[in-house]
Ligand SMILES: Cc1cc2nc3c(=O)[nH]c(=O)nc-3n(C[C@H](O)[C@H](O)[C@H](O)COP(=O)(O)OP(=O)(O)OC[C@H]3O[C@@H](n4cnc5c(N)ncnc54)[C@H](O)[C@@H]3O)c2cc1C
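What follows is one chain in structure tokens, specifically the form predicted alone.
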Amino acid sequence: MSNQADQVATMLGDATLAELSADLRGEAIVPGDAEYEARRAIWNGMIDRHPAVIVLCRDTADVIASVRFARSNNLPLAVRGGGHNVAGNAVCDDGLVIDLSPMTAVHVDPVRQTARVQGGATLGDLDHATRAFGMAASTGVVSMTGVGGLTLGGGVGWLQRKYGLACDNIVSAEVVTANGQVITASETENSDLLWGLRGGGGNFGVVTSLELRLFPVTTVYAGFLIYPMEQATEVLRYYDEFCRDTPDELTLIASLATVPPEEFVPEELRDKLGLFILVSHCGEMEAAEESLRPLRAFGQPAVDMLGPMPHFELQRMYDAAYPAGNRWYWKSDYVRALDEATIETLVKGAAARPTPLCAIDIHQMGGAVSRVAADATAFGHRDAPYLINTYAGCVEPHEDAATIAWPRGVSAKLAPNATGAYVNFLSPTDSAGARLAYESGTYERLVALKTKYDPTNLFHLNHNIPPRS
């Protein structure tokens, strides 16, 4: 053990790292160990935290031991699944990190059409397992995202309008609670906790596995259209009109972002700000072509890259736009309408972005998402027609101030039309984030649930919902 590790052991008091390690199949990593620097790094390079101990959990028993150890030694406790969340809640200073990344197993039950997914699995892991059976889960839009964190916060993604959010499709969950006990949350066991896990984030315990419904999705009609910025305002007006009467199989995202310098892009658009319409249609290919014909014809897009593709390829198609290690700051706003003032705010805001890594996504909501009753799950703002994600990225620390200021400025101008925020798209300084993510009645119900399952707020390194004192 290094001198630094000795110092950590001293800091922990009577309990020693040896005692913790004796309870683990996995490994306890401390400052000075060869893997420490790599293991404390997460997707958002703006997060620079130094845990006292990182526990690489191999199974649920390791999670139990880690929770009990953190609680008995009054250590801050963070939980890492995919490590992709922009807020950086996966790591903490001077505390213990439960790192679930070794727990990536996915077991598919083709008869029940479900998958049991361990807490460290990514969307890519899940897609790899399910496509062998001709099925897919309704999850997110980027394959490096952790299944657990995405699902617990809601899970906005390519299949949502047909099959619901990721959280809507939780069948059951295995949860290690704050007292170190393992319980199951399902419709028949601890159903109140299942309600909270469907959108309430990581407030109630460590979810070591999720059972998710699967759907018969293999090939989708997908890709993107690109327009020059000169057409952005008129195309966004049409996008709003088009979105009002689309089939559930179709999910769209309009994105004001940098056009890549690819061969299929006209040279005059490369590396410039443009308007993308990202497309996913999970129905019949002929129906998809028919549904999309008016959109493809409007405005004569400069690039049309729509066509059939495997669902798992769509899931990783935009991974390169979100490189790990860059410095990120996001703001999110559900809006009541994509009206003229909102479109003007978005187009002018995009034009003022401080770096080429900054973009604005306008997610089409509705469909199956909006048909779930508001009180059926903890997920909020189901009636909003659009979710806007204003995200900024940079490479160097000296760019941080502008990177943070820009999304805040766009979000502030959207405020008159906004109804709330999406918890998975909140950044670390969004202290009021949890309240913004839920309607008042839902929030009070979440507080009661937190008081029941985590009365001392052991799991507070998240978009926290404090228990009643």
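The shown structure was predicted, so the numbers you read here are calculated from the model rather than taken from an experiment. All residue numbers are counted from 1 along the displayed sequence.
Absent from the display: the form predicted together with the ligand. The rest refers to it.
- Figure note: of the listed segments 67-75, 273-281, 151-159, 180-188, the one touching the ligand in the model of the complex, with heavy atoms no more than 4.5 Å away, is 151-159.
- Proximity to the ligand in the model of the complex holds for none of Met46, Trp406 and Ser411, with the criterion being a heavy atom within 4.5 Å.
- Shown without its partner, this chain lists Val259, Val106, Cys243, Val142 as candidates; in the model of the complex, only Val142 has a non-hydrogen atom within 4.5 angstroms of the ligand.
- For the options Ala222, Val79, Val335, Ala115, the residue carrying a heavy atom within 4.5 angstroms of the ligand in the model of the complex is Val79.
- None of the heavy atoms of Tyr227 is located within 4.5 Å of the ligand in the model of the complex.
- Taking non-hydrogen atoms only, Ser138 never approaches the ligand to within 4.5 angstroms in the model of the complex.
- When contacts are judged by a 4.5 Å heavy atom cut-off, Ala173 does not count as touching the ligand in the model of the complex.
- Heavy atoms of Gly146 reach within 4.5 Å of the ligand in the model of the complex, making it an interface residue.
- Although the ligand is not shown here, in the model of the complex the stretch 107-122 places heavy atoms of just one residue, Gly119, within 4.5 Å of it.
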